[in-house]
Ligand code: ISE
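One chain comes next, on its own, written out as structure tokens in the form predicted alone.
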């Protein structure tokens, strides 16, 4: 993911230059630095954040480092685009929010990039126009290609469904107040694993939601999202490719992974983030959005482990988040 961000910023965002790269893998760091025109290489993240030639930072480190490094950026007064999830749990995410609030201004954007995906934007725009009446139900289906490992329930929810949780809040313009998670493990001897996860949502307005994630579909990567209103439904296409009919058959190509499916979203995200840095005002999914998504994810995990509905309680939103 770091390599994709570096390439997008180098070749597709005219107002940005990649000046520094940090990676503990020196071969990987050299490869990406060369791709970016000879960026300075660091082996310590804090040194990169403090470097005077670095004006803004993208964090694409493993999840367990996200919160700590984001706080380092806040302390340095540097805008940061932190990949999702913002943290590995609600307490960690709250520390990031507290640090940003104490600084008095937004510096953090979280990489919940579906907010920049044309298909998601189109569905939200139609729903917001009200042609289908009041939104009653949100639904997303998240199909992952197999990558040879058996993720845990925590992995699937925090690593994959966190995107769908944010999409539900953003597209419905409503907060999630309750969840109920069910899942199918990969095998009876791995009850902690999650091959298929389904989450029922309850929104503050009374609307409902459903999130599905197949962690090992075996055939490719798909995302589909829909909003049901009082008088109609708007939904995205699960595939982006054209339908081809040939030799008495009809079919579509299925994307291999999220980098292919969301290529445009990542470019749009990078362009919007750089523009917000130039404007001096953070935009896009905020640290608060990242925090709330983690709180909902924590509730989903607890629900799945305990096989019961779990309420989601949110603190008051700080004024800097609007």
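Numbering follows the first chain given and starts at 1. The structure presented is a predicted model; accordingly, all values stated were derived computationally and were not measured.
Omitted from view is the form predicted in complex with this ligand, to which the following refers.
Which is the contacting stretch out of 152-160, 198-206, 119-127, 180-188, given heavy atoms within 4.5 Å of this ligand in the model of the complex? Result for this chain: 152-160.
At 4.5 angstroms, heavy atoms only, are 114, 221 and 266 all close to this ligand in the model of the complex? All three within 4.5 Å in the model of the complex.
In the model of the complex, does residue 258 have a heavy atom within 4.5 Å of this ligand? Yes.
4.5 Å heavy atom contact, residue 139 to this ligand in the model of the complex: No.
Within a 4.5 Å heavy atom cut-off, is residue 228 in contact with this ligand in the model of the complex? Judged by the heavy-atom cut-off of 4.5 Å, residue 228 is well away from this ligand in the model of the complex.
Is there any non-hydrogen atom of residue 144 lying within 4.5 Å of this ligand in the model of the complex? It does: once this ligand is placed as it appears in the model of the complex, residue 144 has a heavy atom within 4.5 Å of it.
Go through 73-97 residue by residue and record those having a heavy atom within 4.5 Å of this ligand in the model of the complex; state none if no residue qualifies. The one in contact is 84.
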